[in-house]
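Heads up, the chain below is alone and in the form predicted alone; it's given as structure tokens.
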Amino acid sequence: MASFRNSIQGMQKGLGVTLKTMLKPAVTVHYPHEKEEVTARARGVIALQEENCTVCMLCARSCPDWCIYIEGHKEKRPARREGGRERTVSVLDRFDIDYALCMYCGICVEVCPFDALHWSPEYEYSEFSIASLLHDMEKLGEWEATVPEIEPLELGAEVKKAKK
């Protein structure tokens, strides 16, 4: 008889919890109809600022997945000042990232000495075909517009002076 009473009490407690949760509003975000605001430094997708890229290949060589493909060529440019020599400049022809291979480690962003790669908070780039996850310079450049501005330094932070 005691076990029957305990099972009834257990069922009543369970139904009480069920009724309480049924009356509370849902906390689930119904994506894609509702979208949450992403945090300021969210890591979504890697964006390319094409004019900063010098085709140094550091990002491609540092990538553990080998998902970055870069091609470039060299062009002669006039001297910067009178009497100087012609200079050779590397020009970017192709910069692709295969997001089917990328593991979003961020090594390429960290290793780039010219700030050509940035984290964009964009996270909606799913595709129906895995081959469509190979994104070119044009697509990576579009995401550059979604990169937030760099936050100012905190009060009291020291600014490094440029070496002369």
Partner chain sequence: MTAFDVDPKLYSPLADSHLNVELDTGDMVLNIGPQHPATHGTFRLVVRLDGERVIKADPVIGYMHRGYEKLTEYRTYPQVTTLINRIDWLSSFANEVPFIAAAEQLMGIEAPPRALYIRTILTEMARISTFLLFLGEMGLQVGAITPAFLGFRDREYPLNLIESATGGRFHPNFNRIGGIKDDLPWGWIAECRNTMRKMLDSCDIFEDLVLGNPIFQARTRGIGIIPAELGAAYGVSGSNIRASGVDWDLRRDGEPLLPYNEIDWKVWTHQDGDSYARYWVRLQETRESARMILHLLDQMPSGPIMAKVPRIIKVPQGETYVAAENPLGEMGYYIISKGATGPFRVKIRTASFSNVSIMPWLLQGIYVPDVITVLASLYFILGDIDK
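Owing to the predicted nature of the structure, the values given are computational and were not obtained by experimental measurement. Numbering follows the first chain given and starts at 1. Take the two forms, superpose them, and find the largest set of C-alpha atoms that agree within 1.5 Å; that set is the rigid core.
Same protein, other form: the form predicted together with its partner chain, not shown, and the subject of what follows.
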Answer yes if any heavy atom of residue 35 is within 4.5 Å of a heavy atom of its partner chain in the predicted complex; otherwise answer no.
no
Do residue 110 and its partner chain come within 4.5 Å of each other in the predicted complex, heavy atoms counted?
yes
Residue contact check: residue 122 to its partner chain in the predicted complex, 4.5 Å heavy atom
no
So in the predicted complex, is its partner chain close enough to residue 10 to count as touching (4.5 Å, heavy atoms)?
yes
Residue by residue through 133-155, which ones have a non-hydrogen atom no more than 4.5 angstroms from its partner chain in the predicted complex?
151, 152, 153, 154, 155
With the core lined up, does the C-alpha of residue 19 move 2 Å or more between this form and the one not shown?
yes
Would residue 145 count as moving between this form and the one not shown, using a Cα shift of 2 angstroms or more after superposing the core as the test?
no
